[in-house]
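For reference, the chain that follows is the form predicted on its own, supplied as structure tokens.
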């Protein structure tokens, strides 16, 4: 689904070109929940922005379904993106917020109704469908944002620290919900976080970034047994 080979990304700061990702090589399989973990400035968000063609200066190869990002038409790609600051339409109900992407694509009402209720059941939102965003907690708003992203059954979901503004118990509940959604839809998920506990609890496989370089890639269990990363070693000893 995603393949990078010697991929680099840069940004300009005070007229100087700064390397955000430095010749990274990795792949994400179709249907995998792949977690990218690293500290602030490691290049995690830059990777997501590169896939969304929001980074103008890149080098090397980055492919999505065999198509170079240079040739991707993001407007027609069935991708979903969710970050930590979910934005809902304040004057629309939860039902209307979730349904909005399908309404924009002129999906028949019966199909919209079926799919909204289906995803609402999975995300435990059925009892909130008539409420407005201001009546929701932060965790409930984040669930609505994720449900809205999932309603079109995207081929790829990009998640940029989506739970970081929530309290620990709500974050735990959201991780459980995300795993449930992933098991239901088998959608390819690229999840970015700075939280190693979150990474280990979610990932099918995970990649540790440090200073724009890959430190290690592996399955959670094998990385617990053999961390091969200073960041992981410190975390596992704590």
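This one's a predicted model, so the numbers in the text were calculated from it and none came from an experiment. Residue numbers count along the first chain shown, from 1.
From this point on, the text means the form predicted together with adenosine-5'-diphosphate, which you will not see here.
A.B. asks: Heavy atoms within 4.5 Å of adenosine-5'-diphosphate in the predicted complex: which of the stretches 170-178, 66-74, 35-43, 200-208 has them?
C.D. replies: Result of the contact check: 35-43.
A.B. asks: Do residue 18 and adenosine-5'-diphosphate share at least one heavy atom pair within 4.5 Å in the predicted complex?
C.D. replies: Answer yes; at least one heavy atom of residue 18 falls within 4.5 Å of adenosine-5'-diphosphate in the predicted complex.
A.B. asks: Decide whether residue 219 counts as a contact residue for adenosine-5'-diphosphate in the predicted complex under a heavy atom distance cut-off of 4.5 Å.
C.D. replies: Because no heavy atom of residue 219 falls inside 4.5 Å of adenosine-5'-diphosphate in the predicted complex, the answer is no.
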